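Take a look at this single chain in structure tokens; it is the form predicted alone.
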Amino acid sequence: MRRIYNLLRSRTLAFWLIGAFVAYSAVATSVTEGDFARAYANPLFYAIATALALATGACAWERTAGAARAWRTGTSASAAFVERLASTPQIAVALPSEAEAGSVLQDVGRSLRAMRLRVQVGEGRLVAATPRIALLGSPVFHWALVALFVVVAAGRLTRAEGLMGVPVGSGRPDVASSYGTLEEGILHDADFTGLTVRVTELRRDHVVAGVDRGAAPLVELWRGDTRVARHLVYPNSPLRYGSMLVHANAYGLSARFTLIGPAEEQTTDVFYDFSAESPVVEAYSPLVVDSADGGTVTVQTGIPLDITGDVAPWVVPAEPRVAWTRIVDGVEATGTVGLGESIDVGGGATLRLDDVGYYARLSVVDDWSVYPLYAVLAIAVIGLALALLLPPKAVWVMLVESERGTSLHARTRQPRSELVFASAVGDVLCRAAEGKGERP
């Protein structure tokens, strides 16, 4: 186990894993042409991410243990440490014979305070260090990275995302059957959110600060008879409520049909998407009706648009009609119907056209991890800022008498990334010995 831990906290391993993570992301997103869901669902990516998360956790544990030891000991010096400081100093500077040792030590303290260190001066000794909070920067940053991996993984397992078509003026329950396309994590709640998504208005050319933001549906979320959220949705302005995030995806036309036959009446909404090549909006799925003899009847429909010059504007026609093609036992029949008119589907059943209007296609995301993700990122930034702007450093200085005279001995403690701290302390001691230290 110790061997595995040592391997995981290896900086070499972390370097190669980060490189593999970045390389995979760059290649996968290029090859899949922006299909991020497919790019990041590959087992190879999961293996790289898991290994990187474990390596980050081992590194975080190592840094936390080191910070805990440094917090407990603070700047106290054991007898053995004082002995090493006197006999084998990291830095040694001889004082001129005419120098006043006490004044030199005071000059060293003032210079170290100018380096944003807290200084304590005792009899013949000095200790300076950053505030203890500096010890938290690196551990907080690394644990935040570990939490980031955990939150993202948990979010992927429990989230759902799909496209939902909602006719303007009506609503759809947040259930699987309401979506045209839907992707669910394996641990997503099968009951979904229990909310109803309504679209009460569609502004086809919504302008914000002089910029046309396109079609903007007014989306409402209802829990039973209570409206819990309402927002005009357009690019960069989604509706947010709890774990739900609703974006506008597109808009089109919708037709409402009622199947009238031997059984009870059934109402169905059919959605039609506009095409730049055709003056007819086509349904993205045909109507399939159960016939009286136990078979099915397929009815393909489309809505002809009004043509102005050579252009078919993407609006509801002034007198909407639905063109239909019915296929029964391989025999095809065609025709058109207006509002209130019906299509004969055989067996005494008919499809009545009740309404033609707009629908909004919404991208609906159910993902609780979004807000924890923001919180973890904020903590990571705070930890990184603390680690970069206030790295933990300490220095112990002592006056040592010997046959050759008085010397300043010093030892330092700093992160490996602080390459110049020890030399900066050496410069401080040299300037103070020469009488060039900081003066009050």
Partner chain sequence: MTAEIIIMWATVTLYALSAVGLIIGYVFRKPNLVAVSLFVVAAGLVVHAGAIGIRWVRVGHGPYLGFYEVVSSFAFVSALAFLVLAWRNRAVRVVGTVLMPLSFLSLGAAMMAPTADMDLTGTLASYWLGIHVAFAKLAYGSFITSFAFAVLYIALSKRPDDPEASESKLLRFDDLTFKFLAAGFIFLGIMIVAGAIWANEAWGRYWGWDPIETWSLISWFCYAIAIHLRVTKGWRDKKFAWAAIVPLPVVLFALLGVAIVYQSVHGAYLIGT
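On a predicted model such as this, the values are computed, not experimentally measured, just so you know. Basically, rigid core = biggest C-alpha set you can superpose within 1.5 Å across the two forms. Residue numbers count along the first chain shown, from 1.
Below: the form predicted together with the partner chain, not depicted.
- Only one of 241 to 249, 222 to 230, 272 to 280, 185 to 193 lies within 4.5 Å of the partner chain in the predicted bound form by heavy atoms, and it is 241 to 249.
- Between the partner chain and the residues 321, 159, 256, 326, the one pair within 4.5 Å by heavy atoms in the predicted bound form involves 159.
- Interface residue among 310, 212, 265, 332 relative to the partner chain in the predicted bound form, by the heavy atom within 4.5 Å criterion: 212.
- By the 4.5 Å heavy atom rule, the three marked residues 370, 417 and 423 all count as contacting the partner chain in the predicted bound form.
- Although the partner is absent here, residue 141 lies within 4.5 Å of the partner chain in the predicted bound form, judged by heavy atoms.
- The shortest heavy atom separation between residue 42 and the partner chain in the predicted bound form exceeds 4.5 Å.
- Contact check for residue 411: every heavy atom lies farther than 4.5 Å from the partner chain in the predicted bound form.
- Contact check for residue 236: a heavy atom falls within 4.5 Å of the partner chain in the predicted bound form.
- Once the rigid core is used as the reference frame, the Cα position of residue 398 differs between this form and the one not shown by less than 2 Å.
- With the core superposed, residue 25 shows a C-alpha displacement of at least 2 Å between this form and the one not shown.
- After superposition on the rigid core, displacement of the C-alpha of residue 423 between this form and the one not shown stays below 2 Å.
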